[in-house]
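A lone chain, given as C-alpha coordinates: the form predicted on its own.
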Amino acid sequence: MRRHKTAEFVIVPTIAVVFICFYAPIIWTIFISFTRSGMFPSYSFSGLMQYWRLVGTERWHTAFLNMFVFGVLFVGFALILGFLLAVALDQRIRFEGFFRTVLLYPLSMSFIVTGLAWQWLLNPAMGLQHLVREAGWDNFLFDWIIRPDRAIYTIVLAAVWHSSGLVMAIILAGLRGVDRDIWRATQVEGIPRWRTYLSIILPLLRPVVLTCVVLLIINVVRSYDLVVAMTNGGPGNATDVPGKFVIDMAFERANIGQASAAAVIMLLTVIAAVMPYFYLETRRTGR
(Lines give C-alpha, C1' and ligand atoms only; values in the text may rest on other atoms or scores of the structure.)
Protein backbone atom coordinates (compact mmCIF):
# COMPACT_ATOMS: atom_id res chain seq x y z
CA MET A 1 0.00 0.00 0.00
CA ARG A 2 2.83 2.40 0.85
CA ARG A 3 4.54 1.60 -2.46
CA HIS A 4 1.32 2.41 -4.39
CA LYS A 5 0.90 5.67 -2.48
CA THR A 6 4.50 6.65 -3.30
CA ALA A 7 3.94 5.94 -7.01
CA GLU A 8 0.76 8.04 -7.03
CA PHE A 9 2.55 10.89 -5.27
CA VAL A 10 5.40 10.83 -7.82
CA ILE A 11 3.10 11.16 -10.85
CA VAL A 12 1.04 14.02 -9.35
CA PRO A 13 3.49 16.74 -10.60
CA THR A 14 3.42 15.23 -14.09
CA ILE A 15 -0.37 15.23 -14.13
CA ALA A 16 -0.40 18.84 -12.91
CA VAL A 17 2.05 19.98 -15.61
CA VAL A 18 0.08 18.19 -18.35
CA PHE A 19 -3.16 19.77 -17.19
CA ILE A 20 -1.71 23.29 -16.87
CA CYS A 21 0.29 23.25 -20.11
CA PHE A 22 -2.02 21.17 -22.30
CA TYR A 23 -5.62 20.76 -21.18
CA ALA A 24 -6.04 24.20 -19.61
CA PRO A 25 -5.11 26.05 -22.85
CA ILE A 26 -7.54 23.83 -24.79
CA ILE A 27 -10.35 24.65 -22.37
CA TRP A 28 -9.48 28.36 -22.49
CA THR A 29 -9.42 28.32 -26.32
CA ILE A 30 -12.82 26.64 -26.47
CA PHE A 31 -14.24 29.26 -24.09
CA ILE A 32 -12.72 32.18 -26.03
CA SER A 33 -14.26 30.85 -29.26
CA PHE A 34 -17.70 31.66 -27.77
CA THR A 35 -16.80 35.27 -26.96
CA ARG A 36 -16.38 38.56 -28.85
CA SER A 37 -12.60 38.58 -28.37
CA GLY A 38 -10.63 40.75 -30.79
CA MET A 39 -7.09 41.95 -30.22
CA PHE A 40 -7.43 41.11 -26.52
CA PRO A 41 -9.47 38.40 -24.80
CA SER A 42 -13.02 39.39 -23.99
CA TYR A 43 -15.22 37.34 -21.71
CA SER A 44 -18.57 38.56 -23.01
CA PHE A 45 -20.43 35.51 -24.27
CA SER A 46 -21.56 35.70 -27.92
CA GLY A 47 -22.77 32.17 -28.62
CA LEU A 48 -21.89 30.73 -32.03
CA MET A 49 -21.14 34.11 -33.63
CA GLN A 50 -17.48 33.30 -34.32
CA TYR A 51 -18.40 29.95 -35.87
CA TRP A 52 -21.05 31.53 -38.13
CA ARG A 53 -18.51 34.11 -39.26
CA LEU A 54 -16.03 31.33 -39.90
CA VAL A 55 -18.54 29.47 -42.07
CA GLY A 56 -19.04 32.62 -44.12
CA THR A 57 -15.30 33.20 -44.67
CA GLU A 58 -14.16 32.14 -48.14
CA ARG A 59 -10.54 31.82 -47.09
CA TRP A 60 -11.49 29.31 -44.39
CA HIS A 61 -13.31 27.19 -46.97
CA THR A 62 -10.20 27.21 -49.18
CA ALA A 63 -7.91 26.34 -46.26
CA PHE A 64 -10.13 23.50 -45.06
CA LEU A 65 -10.48 22.07 -48.58
CA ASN A 66 -6.71 22.26 -49.03
CA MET A 67 -6.22 20.36 -45.79
CA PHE A 68 -8.62 17.67 -46.98
CA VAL A 69 -6.95 17.34 -50.41
CA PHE A 70 -3.48 17.43 -48.87
CA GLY A 71 -4.44 14.93 -46.16
CA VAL A 72 -5.99 12.35 -48.51
CA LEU A 73 -3.12 12.46 -51.01
CA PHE A 74 -0.39 12.65 -48.38
CA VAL A 75 -1.68 9.80 -46.22
CA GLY A 76 -2.46 7.63 -49.25
CA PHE A 77 0.86 8.06 -51.07
CA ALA A 78 2.94 7.90 -47.88
CA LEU A 79 1.29 4.61 -46.90
CA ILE A 80 1.73 3.09 -50.37
CA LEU A 81 5.34 4.22 -50.78
CA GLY A 82 6.25 3.28 -47.21
CA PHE A 83 4.71 -0.18 -47.61
CA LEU A 84 6.54 -0.80 -50.90
CA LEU A 85 9.85 0.30 -49.38
CA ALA A 86 9.28 -1.94 -46.36
CA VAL A 87 8.51 -4.91 -48.61
CA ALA A 88 11.67 -4.22 -50.62
CA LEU A 89 13.83 -4.13 -47.50
CA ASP A 90 12.09 -7.24 -46.16
CA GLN A 91 13.74 -9.26 -48.94
CA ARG A 92 16.99 -9.27 -46.89
CA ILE A 93 18.85 -7.24 -49.49
CA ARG A 94 22.52 -6.35 -49.16
CA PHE A 95 23.42 -3.14 -47.36
CA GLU A 96 19.98 -3.07 -45.77
CA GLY A 97 21.23 -0.94 -42.88
CA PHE A 98 22.58 1.66 -45.29
CA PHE A 99 19.31 1.88 -47.22
CA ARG A 100 17.30 2.12 -43.98
CA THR A 101 19.46 5.04 -42.87
CA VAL A 102 19.10 6.83 -46.21
CA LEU A 103 15.31 6.37 -46.28
CA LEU A 104 14.94 7.58 -42.69
CA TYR A 105 17.21 10.59 -43.20
CA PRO A 106 14.42 12.99 -44.29
CA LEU A 107 12.63 12.33 -41.00
CA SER A 108 15.58 13.82 -39.12
CA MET A 109 14.84 17.23 -40.66
CA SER A 110 12.07 19.53 -39.52
CA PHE A 111 9.24 20.58 -41.79
CA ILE A 112 10.86 24.03 -42.04
CA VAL A 113 14.11 22.61 -43.44
CA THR A 114 12.20 20.24 -45.70
CA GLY A 115 10.06 23.09 -47.02
CA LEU A 116 13.02 25.34 -47.74
CA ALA A 117 14.87 22.53 -49.53
CA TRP A 118 11.89 21.71 -51.72
CA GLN A 119 11.18 25.39 -52.36
CA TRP A 120 14.65 25.70 -53.86
CA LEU A 121 14.33 22.43 -55.78
CA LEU A 122 10.98 23.39 -57.34
CA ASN A 123 11.82 27.03 -58.00
CA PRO A 124 11.57 27.43 -61.80
CA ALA A 125 14.35 30.04 -61.87
CA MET A 126 17.06 28.05 -60.08
CA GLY A 127 15.75 24.59 -59.22
CA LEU A 128 14.99 21.40 -61.12
CA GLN A 129 13.51 23.13 -64.15
CA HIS A 130 16.56 25.38 -64.49
CA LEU A 131 19.02 22.47 -64.14
CA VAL A 132 17.23 20.35 -66.75
CA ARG A 133 17.08 23.25 -69.20
CA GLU A 134 20.77 23.94 -68.65
CA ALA A 135 21.40 20.30 -69.57
CA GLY A 136 19.83 20.89 -72.98
CA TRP A 137 16.11 20.17 -72.50
CA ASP A 138 14.91 23.68 -73.28
CA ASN A 139 11.22 22.75 -73.37
CA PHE A 140 11.18 21.09 -69.94
CA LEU A 141 8.54 22.69 -67.72
CA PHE A 142 7.94 22.02 -64.03
CA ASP A 143 6.53 25.17 -62.46
CA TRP A 144 3.85 23.66 -60.24
CA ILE A 145 4.94 25.62 -57.18
CA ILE A 146 3.90 28.93 -58.78
CA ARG A 147 0.65 27.64 -60.33
CA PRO A 148 -2.46 28.09 -58.15
CA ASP A 149 -4.10 24.92 -59.50
CA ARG A 150 -1.08 22.68 -58.80
CA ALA A 151 0.84 24.26 -55.94
CA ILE A 152 -0.91 22.09 -53.32
CA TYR A 153 0.53 18.98 -55.00
CA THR A 154 4.07 20.22 -54.42
CA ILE A 155 3.26 20.35 -50.69
CA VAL A 156 2.09 16.73 -50.95
CA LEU A 157 5.31 15.76 -52.74
CA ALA A 158 7.52 17.29 -50.06
CA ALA A 159 5.48 15.79 -47.21
CA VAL A 160 5.53 12.29 -48.72
CA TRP A 161 9.30 12.53 -49.14
CA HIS A 162 9.61 13.57 -45.49
CA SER A 163 7.32 10.97 -43.87
CA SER A 164 7.38 7.84 -46.05
CA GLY A 165 10.55 6.70 -44.27
CA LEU A 166 8.68 6.66 -40.95
CA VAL A 167 5.95 4.48 -42.47
CA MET A 168 8.62 2.21 -43.93
CA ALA A 169 10.32 1.74 -40.55
CA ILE A 170 7.08 0.98 -38.69
CA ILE A 171 5.77 -1.45 -41.31
CA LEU A 172 9.17 -3.13 -41.66
CA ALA A 173 9.18 -3.75 -37.90
CA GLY A 174 5.72 -5.32 -38.29
CA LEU A 175 6.88 -7.50 -41.20
CA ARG A 176 9.83 -8.78 -39.18
CA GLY A 177 7.39 -9.83 -36.47
CA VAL A 178 5.31 -12.07 -38.78
CA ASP A 179 5.53 -15.77 -37.92
CA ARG A 180 7.85 -17.57 -40.36
CA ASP A 181 5.45 -20.52 -40.42
CA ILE A 182 3.03 -18.36 -42.41
CA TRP A 183 5.64 -17.89 -45.09
CA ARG A 184 6.40 -21.62 -45.16
CA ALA A 185 2.71 -22.44 -45.49
CA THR A 186 2.25 -20.05 -48.42
CA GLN A 187 5.30 -21.51 -50.14
CA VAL A 188 3.91 -25.02 -49.75
CA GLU A 189 0.58 -23.87 -51.19
CA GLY A 190 2.35 -22.18 -54.09
CA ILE A 191 0.91 -18.73 -53.38
CA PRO A 192 2.86 -15.99 -55.17
CA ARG A 193 4.88 -13.76 -52.85
CA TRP A 194 3.11 -10.55 -53.90
CA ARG A 195 -0.25 -12.20 -53.22
CA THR A 196 0.94 -13.26 -49.79
CA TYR A 197 1.83 -9.69 -48.90
CA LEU A 198 -1.50 -8.27 -50.08
CA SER A 199 -3.95 -10.97 -48.96
CA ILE A 200 -2.33 -12.41 -45.84
CA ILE A 201 0.44 -10.24 -44.41
CA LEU A 202 -1.20 -6.84 -44.89
CA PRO A 203 -4.40 -7.79 -42.99
CA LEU A 204 -2.21 -9.09 -40.16
CA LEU A 205 -0.51 -5.69 -40.00
CA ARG A 206 -3.75 -3.77 -39.59
CA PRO A 207 -2.84 -2.33 -36.15
CA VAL A 208 0.54 -1.25 -37.51
CA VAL A 209 -1.06 0.41 -40.54
CA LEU A 210 -3.61 2.18 -38.33
CA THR A 211 -0.77 3.51 -36.20
CA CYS A 212 0.88 4.90 -39.33
CA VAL A 213 -2.41 6.51 -40.38
CA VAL A 214 -2.79 8.26 -37.02
CA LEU A 215 0.79 9.58 -37.14
CA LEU A 216 0.31 10.82 -40.70
CA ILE A 217 -2.97 12.54 -39.81
CA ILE A 218 -1.17 14.35 -37.02
CA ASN A 219 1.40 15.53 -39.58
CA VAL A 220 -1.45 16.79 -41.76
CA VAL A 221 -2.59 19.07 -38.95
CA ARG A 222 1.03 20.10 -38.28
CA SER A 223 1.64 21.03 -41.93
CA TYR A 224 1.77 24.75 -41.07
CA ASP A 225 5.59 24.78 -40.98
CA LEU A 226 5.90 23.04 -44.35
CA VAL A 227 3.40 25.34 -46.06
CA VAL A 228 4.97 28.54 -44.68
CA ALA A 229 8.48 27.44 -45.67
CA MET A 230 7.52 26.38 -49.20
CA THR A 231 4.81 28.77 -50.39
CA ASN A 232 3.62 30.85 -47.41
CA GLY A 233 0.10 29.85 -48.44
CA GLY A 234 0.47 31.13 -52.01
CA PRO A 235 0.11 31.73 -54.84
CA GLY A 236 -2.77 33.76 -53.42
CA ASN A 237 -4.46 31.35 -51.00
CA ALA A 238 -3.88 28.27 -53.18
CA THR A 239 -1.94 26.39 -50.47
CA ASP A 240 -3.51 27.96 -47.39
CA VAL A 241 -4.21 25.51 -44.54
CA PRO A 242 -6.22 25.87 -41.30
CA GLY A 243 -3.05 26.12 -39.19
CA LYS A 244 -1.88 29.18 -41.15
CA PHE A 245 -5.39 30.62 -41.01
CA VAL A 246 -5.36 30.39 -37.20
CA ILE A 247 -1.91 32.01 -36.88
CA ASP A 248 -2.79 34.82 -39.28
CA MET A 249 -6.08 35.53 -37.52
CA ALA A 250 -4.45 35.59 -34.09
CA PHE A 251 -1.29 37.59 -34.83
CA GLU A 252 -1.87 39.50 -38.08
CA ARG A 253 -5.61 40.21 -37.98
CA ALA A 254 -5.71 40.48 -34.16
CA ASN A 255 -8.88 38.40 -33.99
CA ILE A 256 -8.41 35.93 -31.15
CA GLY A 257 -12.05 34.85 -31.13
CA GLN A 258 -12.03 33.88 -34.81
CA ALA A 259 -8.67 32.13 -34.44
CA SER A 260 -9.95 30.18 -31.43
CA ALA A 261 -13.05 29.06 -33.33
CA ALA A 262 -10.87 27.84 -36.21
CA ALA A 263 -8.59 26.04 -33.75
CA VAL A 264 -11.57 24.29 -32.16
CA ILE A 265 -12.74 23.12 -35.60
CA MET A 266 -9.25 21.75 -36.22
CA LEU A 267 -9.39 19.90 -32.89
CA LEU A 268 -12.76 18.39 -33.75
CA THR A 269 -11.40 17.34 -37.15
CA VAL A 270 -8.49 15.51 -35.53
CA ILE A 271 -10.82 13.80 -33.06
CA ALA A 272 -13.12 12.71 -35.89
CA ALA A 273 -10.14 11.33 -37.82
CA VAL A 274 -8.64 9.47 -34.85
CA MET A 275 -11.84 8.07 -33.34
CA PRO A 276 -12.20 5.19 -35.88
CA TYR A 277 -8.71 4.02 -34.84
CA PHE A 278 -9.65 3.88 -31.17
CA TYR A 279 -12.98 2.23 -32.02
CA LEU A 280 -11.30 -0.53 -34.02
CA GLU A 281 -8.64 -1.05 -31.36
CA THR A 282 -11.14 -1.27 -28.49
CA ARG A 283 -13.36 -3.63 -30.48
CA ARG A 284 -10.37 -5.79 -31.36
CA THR A 285 -9.31 -6.08 -27.72
CA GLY A 286 -12.89 -6.59 -26.58
CA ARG A 287 -12.89 -3.61 -24.17
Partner chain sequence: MTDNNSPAFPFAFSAAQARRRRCGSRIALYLFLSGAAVLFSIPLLIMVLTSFKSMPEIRQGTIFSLPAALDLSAWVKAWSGACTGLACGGLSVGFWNSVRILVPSVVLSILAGALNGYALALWRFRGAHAVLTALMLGAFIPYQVILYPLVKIFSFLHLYSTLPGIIVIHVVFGLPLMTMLFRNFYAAIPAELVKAARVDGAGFFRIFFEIMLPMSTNILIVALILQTTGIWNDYLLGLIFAGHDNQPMTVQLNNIVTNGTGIVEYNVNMAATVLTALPPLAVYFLSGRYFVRGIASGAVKG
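Residue numbers count along the first chain shown, from 1. Since we're looking at a predicted model, the values are computed, not measured.
What follows is about the form predicted together with the partner chain, which we do not show.
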In the predicted bound form, does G127 have a heavy atom within 4.5 Å of the partner chain?
-> yes
Residue contact check: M67 to the partner chain in the predicted bound form, 4.5 Å heavy atom = no
Heavy atom to heavy atom, is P276 within 4.5 Å of the partner chain in the predicted bound form?
-> no
Using the partner position in the predicted bound form, report whether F74 sits within 4.5 Å of the partner chain, counting heavy atoms only.
-> no
Given the partner chain in the predicted bound form, answer whether the residues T14, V214 and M266 all have a heavy atom inside 4.5 Å of it.
-> yes
Can you pick the one in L175, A151, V156, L89 that has a heavy atom within 4.5 Å of the partner chain in the predicted bound form?
-> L89
Among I200, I146, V209, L104, just one has a heavy atom within 4.5 Å of the partner chain in the predicted bound form, namely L104
Residues of 155-180 having any heavy atom within 4.5 Å of the partner chain in the predicted bound form, listed in sequence order | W161, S164, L166, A169, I170, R180
